[in-house]
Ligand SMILES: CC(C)(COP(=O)(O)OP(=O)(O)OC[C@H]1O[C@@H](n2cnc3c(N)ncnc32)[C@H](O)[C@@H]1OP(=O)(O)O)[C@@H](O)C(=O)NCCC(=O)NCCS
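A single chain comes next, written as structure tokens; it is the form predicted on its own.
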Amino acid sequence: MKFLGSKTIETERLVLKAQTMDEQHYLWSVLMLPEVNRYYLTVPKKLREKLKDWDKQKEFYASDMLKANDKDVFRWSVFLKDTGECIGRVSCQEAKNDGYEISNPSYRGVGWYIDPKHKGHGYGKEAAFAMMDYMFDECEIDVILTGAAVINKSSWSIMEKYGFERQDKTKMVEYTFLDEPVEDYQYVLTKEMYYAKKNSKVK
């Protein structure tokens, strides 16, 4: 794997940029929406109330932004190209297995969210696959491991359409803002699978 960091990526309609503090309050406010965080956040439940308080979170974000341009960090804020408006976030982090990081850095996890007011335009898909193009093509990662709540069909159906392979076993996941564990499908996308799907030009 090549550690190239969160370089700026442009698509037809979007610009993905390394994160700055300027947009973090907005992104936090989006992340606090139940329809966004319900099947996204997996930090310990004991942090629920702290997460809801921007004054408490601001210090964490400020510290995190100090590393935003490090070469081993792959997190982007997503902006509309025509207006410059921030609409969401994408990331590609080291993969985890049952809560433990996998030692091979070329095995990655992914995550993304888009402000619900921009739903229905395909921005999330466009941003996510621009990020995966970069990670596979330029950073030369080998595998993406990820999951999606069984009940969250809108998420896992996109994964399957674009070549992610569903594994035989599901996994119970503790989501931060849900009281009970949720069953998740587990998915794998290897570099070979990714290129096969990309070269088939299936849309």
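When you see a residue number, it is the position in the sequence shown, counting from 1. What you see is a predicted model, and the numbers here were worked out from it, not measured in a lab.
This protein has a second form, the form predicted in complex with the named molecule, left out of what is shown; the following refers to that one.
No residue of the trio 75, 107 and 191 has any heavy atom within 4.5 Å of the named molecule in the model of the complex. None of 166 to 174, 137 to 145, 51 to 59, 29 to 37 except one has non-hydrogen atoms within 4.5 angstroms of the named molecule in the model of the complex; the exception is 29 to 37.
In the model of the complex, the named molecule sits beyond 4.5 Å of every heavy atom of residue 86.
Remark: residue 69 does not count among the residues lining the named molecule in the model of the complex, judged by a heavy atom distance of 4.5 Å or less. In the model of the complex, the named molecule lies farther than 4.5 Å from every heavy atom of residue 45. Using a 4.5 angstroms threshold between heavy atoms, residue 114 counts as touching the named molecule in the model of the complex.
In the model of the complex, the residues of 133 to 162 lying within 4.5 Å of the named molecule by at least one heavy atom are, in order, 147, 148, 152, 153, 154, 155, 157, 158, 159, 161.
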